[in-house]
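Just the one chain here, laid out as structure tokens, in the form predicted alone.
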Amino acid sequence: MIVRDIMADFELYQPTQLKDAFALLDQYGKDAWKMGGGYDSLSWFKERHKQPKAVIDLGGIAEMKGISETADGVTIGALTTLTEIENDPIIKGKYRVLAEAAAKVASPQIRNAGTVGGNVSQDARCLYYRYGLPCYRAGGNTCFADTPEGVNREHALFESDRCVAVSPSDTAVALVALDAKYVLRSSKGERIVSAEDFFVGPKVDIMHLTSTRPEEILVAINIPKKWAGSAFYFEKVADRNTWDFALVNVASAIVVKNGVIEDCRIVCNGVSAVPRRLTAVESIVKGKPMSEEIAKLAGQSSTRGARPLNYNGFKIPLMANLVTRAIRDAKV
């Protein structure tokens, strides 16, 4: 029997400095849980599927908060709330696609406390995995979603390997489109990974969606100024307008000169385990005019290689239409 609504005991720590958080992570190792806004964390604890010995609440670490413009672009602390990103004049003025993506996460109440670091770091939403069944992602030896009877309308079209769950993040597609860099720190030092490489698929690590190591904390996200003021587009399609995860979402950042696409990055989520950058589509449209014809060709090309499951075939035309609009309707 699976016991619900009763959290297991854990030690709660609330450090105010990163060095103290690192010391706790070194002490507890894989038995520690890093918490930002707490919405996803508390759900896991309540359902008893995650039972850490120590929860490290990072909310009091001031250096992980805020948005600042730099010579190279903009730096966003990982504990910056989604509401702050949605309303920040720098983000809205120069990197609007991220503001629009943040504005589509869940509900206003969740965005007021939910953080950008938490949004990109959240785990898969597959109902079988979340219910505590022994699937591959949970260390078992089967995928309950990838069966003739499985509930899989929200699952992957591409690059599934045993697990067909997808990343649920809305801000992730915008950050990959902006070629953001994630700053990960531990007591041993710092490493910087691209937003694209931050996410990992089941072929790399079937039990995790990101490359963050147990001893590391995502402390900041840097966005390069190259894409500032580009033509942007973001759209999310979900069963409900609020408090729901994307069936498919799309983000684009396009540099246009004299009506011609000089450079672009186009990303979809909800179609594979990680945000899917559409490099083949990018190659097709670069050097071409911004036109209905090119946009439709891009949309049609975006779904090549898709392998739908029993109940998610609708995602193929949905993805094609979203990619078409992400090029045709992108605006500065």
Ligand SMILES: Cc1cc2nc3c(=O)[nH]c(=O)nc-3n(C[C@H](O)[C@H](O)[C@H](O)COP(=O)(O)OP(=O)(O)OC[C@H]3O[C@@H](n4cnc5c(N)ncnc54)[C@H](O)[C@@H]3O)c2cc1C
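Sequential numbering from 1, following the sequence displayed. Owing to the predicted nature of the structure, the values given are computational and were not obtained by experimental measurement.
One more form of this protein, predicted together with the named molecule, exists but is not displayed; see below.
Every residue in the set 34, 37 and 236 has a non-hydrogen atom no more than 4.5 Å from the named molecule in the predicted bound form. When the named molecule is considered in the predicted bound form, only one residue from 221, 145, 82, 254 comes within 4.5 Å through any heavy atom, namely 82.
For the candidate set 163, 176, 105, 248, a heavy atom within 4.5 Å of the named molecule in the predicted bound form is found for exactly one residue, namely 105. For the chain shown alone, residue 244 is a contact residue for the named molecule in the predicted bound form, at least one non-hydrogen atom being within 4.5 angstroms. A residue is said to contact a partner when one of its heavy atoms sits within 4.5 Å of a partner heavy atom; residue 230 fails this definition for the named molecule in the predicted bound form, lying far away.
At a distance threshold of 4.5 angstroms between non-hydrogen atoms, residue 274 is out of contact with the named molecule in the predicted bound form. Using a 4.5 angstroms threshold between heavy atoms, residue 151 stays clear of the named molecule in the predicted bound form. Here the chain stands alone, but in the predicted bound form its contact with the named molecule, taken as any heavy atom within 4.5 Å, falls in 168-176 among 153-161, 84-92, 168-176, 68-76.
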